[in-house]
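A single chain, nothing else alongside it, follows as structure tokens in the form predicted alone.
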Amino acid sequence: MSKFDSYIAFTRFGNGASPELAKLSEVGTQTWLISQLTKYEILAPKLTSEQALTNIFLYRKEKRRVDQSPDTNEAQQTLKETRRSLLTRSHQLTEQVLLQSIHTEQPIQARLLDFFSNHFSVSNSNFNMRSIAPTLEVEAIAPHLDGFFSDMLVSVTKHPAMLYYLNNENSIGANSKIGLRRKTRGINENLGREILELHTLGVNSGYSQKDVQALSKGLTGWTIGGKKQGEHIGFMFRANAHEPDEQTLLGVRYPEARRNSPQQAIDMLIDLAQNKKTAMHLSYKLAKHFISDNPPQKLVQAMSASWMKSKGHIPTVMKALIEHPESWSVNAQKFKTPREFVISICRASQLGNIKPELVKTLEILGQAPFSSGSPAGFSDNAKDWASASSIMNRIEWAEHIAGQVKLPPIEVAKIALGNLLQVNTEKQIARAESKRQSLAMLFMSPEFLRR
């Protein structure tokens, strides 16, 4: 183990060093990282998808009533207050997840949650999504970080936020009972296409339009319940909307499941999760996220082999990443995203409730949660975060946040970088005209901006 390994572990695999976690380096960095690959739970979430859906349905009902009400001024004001209250709860949950990533003793799991949340990207492009988007990562992603990717994939695909975002809640099979009665084709291919292109196999992996159609047909009837009295609020399989008969995906036949069962599509998703191309696609993305914009092929192959052997067991794949020598180069090869930049500053400086708050800060820096605007999520390439305007925004924010730090600059530098702190940066910190300027120089130093 080199003298740099403990800080590489903190910055490359976690979200930056902190005083408490630095003490754990004595157990061995790889052992410490692997020990974190256990259950990661978002503590006391302030909002569930069931609560969000209940609020959405009640808001719709109230809006219909208000639209028909003669007392428009008072009613409209009440409706605005209701809407504001719903969005506030969603905002609080997003803030809570960010705060936990600062204070957690499982930083590698916090980073994995961020990775998979971006991998299964949803955007808060309308009221429904703004209300429910944060519950996706809390309910469908975090609970499976210590398990199998197949379980995560099924859970994410079933989640109301994903069903809303990719318009599957109204996808109806043309030959289903509802489809035949309406005499119109109602299959929506958005979800099926993104599962193949983004969530599993990857673009240019050899699947065809027929495969997209087969998976999309299997997903018909996957909808959101609770709109009608007595319905379960949340995922619901509506058999009357499901396209009947056998489907063939990637040359494999999937028989129609028994009535009132979504098993046909579940079987498809499980097989996709354990496919060799999925193993390679996800291993590449994980290696790219943690190690380098151009990850070593030997590392990706080792992770992919681990994926196939373990059937996509996420901790096993991460163990292959952690234990591979290509993961421990002293040269930092990743440029921090705004989220990584902010969280690493907060961890090293022992900051929690900053001003402006975390969500607003990330909005200023160009990476507000759930705002990528695309199912592909935010970019993981340095060139997309290192433009002149982006750097200027970071400089301005670094100068601002420096005024909220209580610790001496050199202490923050030692916590954040340890042996990675360059002599030139240390001199600049010491010669700065003020504490604020000194901290801003640290936060904008090359070794701090990269991990």
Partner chain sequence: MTIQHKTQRREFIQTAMAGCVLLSVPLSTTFASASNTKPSSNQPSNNGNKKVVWIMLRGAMDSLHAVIPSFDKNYFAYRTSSINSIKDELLPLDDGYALHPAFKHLHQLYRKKQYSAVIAVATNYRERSHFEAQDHMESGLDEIDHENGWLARAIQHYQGQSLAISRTIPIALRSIKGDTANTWYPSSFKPADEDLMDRLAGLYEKDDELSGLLQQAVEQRDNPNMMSEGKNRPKFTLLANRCGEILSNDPNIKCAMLELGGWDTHNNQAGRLQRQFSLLDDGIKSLQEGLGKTWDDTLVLVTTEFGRTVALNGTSGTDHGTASCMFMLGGNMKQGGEVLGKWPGLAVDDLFEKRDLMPTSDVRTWIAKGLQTHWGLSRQQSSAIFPDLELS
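The structure presented is a predicted model; accordingly, all values stated were derived computationally and were not measured. Numbering follows the first chain given and starts at 1.
What follows is about the form predicted together with its partner chain, which we do not show.
Think of it this way: in the model of the complex, its partner chain has a heavy atom of just one of 395, 34, 407, 58 within 4.5 Å, and the residue is 395. In terms of contact with its partner chain in the model of the complex, the residue from 104, 304, 213, 94 that brings a heavy atom within 4.5 Å is 213.
Heavy atoms within 4.5 Å of its partner chain in the model of the complex map, among the stretches 253-261, 85-93, 193-201, 221-229, onto 193-201 alone. Annotation: in the model of the complex, residues 209, 389 and 440 each come within 4.5 Å of its partner chain through at least one heavy atom.
Residue 167 belongs to the set of residues with a heavy atom inside 4.5 Å of its partner chain in the model of the complex. At least one heavy atom of residue 364 is located within 4.5 Å of its partner chain in the model of the complex.
In the model of the complex, its partner chain lies within 4.5 Å of some heavy atom of residue 384. Not displayed here, its partner chain is kept clear of residue 73 by more than 4.5 Å at the level of heavy atoms in the model of the complex. Within 4.5 angstroms of its partner chain in the model of the complex, the stretch 334-361 places a non-hydrogen atom from each of 335, 356, 360, taken in sequence order.
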